[in-house]
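Take a look at this single chain, the form predicted alone, given in structure tokens.
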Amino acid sequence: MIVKAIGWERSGPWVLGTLSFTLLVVLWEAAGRTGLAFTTVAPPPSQFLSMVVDSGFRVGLGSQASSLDEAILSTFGRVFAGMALAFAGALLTGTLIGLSRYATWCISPFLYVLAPIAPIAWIPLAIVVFGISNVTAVFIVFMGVYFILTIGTLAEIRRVPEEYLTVSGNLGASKWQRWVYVILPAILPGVFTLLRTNFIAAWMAVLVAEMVGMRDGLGAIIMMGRNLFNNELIMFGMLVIGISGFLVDRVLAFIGQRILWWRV
């Protein structure tokens, strides 16, 4: 009985989640068959999926059409580049603040003033500076994640037990060695968990950046559907965005649980 209970605890959420999602799709399809009004705005999966299959999984018009895998890879590349830069930047900033009181006095005011600014608010400035390019999308993701990660990094540093630092100091470790061999390993799991929880914000930021004129990416698919008054393309883009975001979140969860598994 105990083994069965443990097995259900592990598989139950997936089973019930799959069943509820399947029920939603069945009801959605049934509504489309009966011609309910809302299905003209939100066509069921059988309609927008067949549309994409008929087009050979290409989105766009004429020479500007791009394949679906190119759109997905473009968005993934932008969001991962921005998140990686923000992760590295947060650790570097935390190092500077942790090693120097002068860095703390100089940097901290900027962190707490700029952190509340939504990443979308940076889009006009980014377009003026970088133009409509990949750099703009990466910059928006970076600004949407960096400040939260940096503040979280400082909180994780303060959580490191004082006895760890005392013991390492008694063993002759320098200030830099204590950071590299004690503090950094102690804070990595917590900072990565914070990165995962802020992935949704980064995901939304890159999609919005792609909607302001970029020719590829998942956000561009939504804007293309809007410009063409093609609700099927919009629904397909939303589905791909949702599934892609879910898969990335699962990958980040795996890394956090299996690779950065230790916690102080």
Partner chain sequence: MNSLNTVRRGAAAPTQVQPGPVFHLDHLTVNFPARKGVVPSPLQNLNLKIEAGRITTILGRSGCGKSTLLRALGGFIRPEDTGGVVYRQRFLTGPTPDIVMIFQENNLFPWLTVEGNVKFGLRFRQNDKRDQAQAVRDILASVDLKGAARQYPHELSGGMKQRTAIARALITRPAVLLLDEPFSALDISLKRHMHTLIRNLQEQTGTSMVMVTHDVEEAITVGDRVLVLGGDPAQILIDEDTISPGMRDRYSEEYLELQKKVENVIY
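Keep in mind it's a predicted model, so treat the numbers as computed, not measured. Numbering follows the first chain given and starts at 1.
The same protein also has a form predicted together with its partner chain, omitted here; what follows describes it.
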Task: Proximity to its partner chain in the predicted complex, single hit among Thr193, Thr95, Asn134, Ser168 (heavy atom within 4.5 Å) - done: Ser168
Open item on the list: So its partner chain isn't shown here. In the predicted complex, which residue out of Tyr164, Phe130, Phe80, Trp105 has a non-hydrogen atom within 4.5 Å of it?
Closed with: Tyr164
Open item on the list: Only one of these stretches, 174-182, 136-144, 67-75, 110-118, has heavy atoms within 4.5 Å of its partner chain in the predicted complex; which one is it?
Closed with: 174-182
Open item on the list: When the contact criterion is heavy atoms within 4.5 Å, does Leu154 count as touching its partner chain in the predicted complex?
Closed with: no
Open item on the list: How about Leu85 - does it come within 4.5 Å of its partner chain in the predicted complex, if we only consider non-hydrogen atoms?
Closed with: no
Open item on the list: Against its partner chain in the predicted complex, would Ile148 count as a contact residue? Criterion: heavy atoms within 4.5 Å.
Closed with: no
- [ ] Indicate whether its partner chain has at least one heavy atom within 4.5 Å of a heavy atom of Ala186 in the predicted complex.
- [x] yes
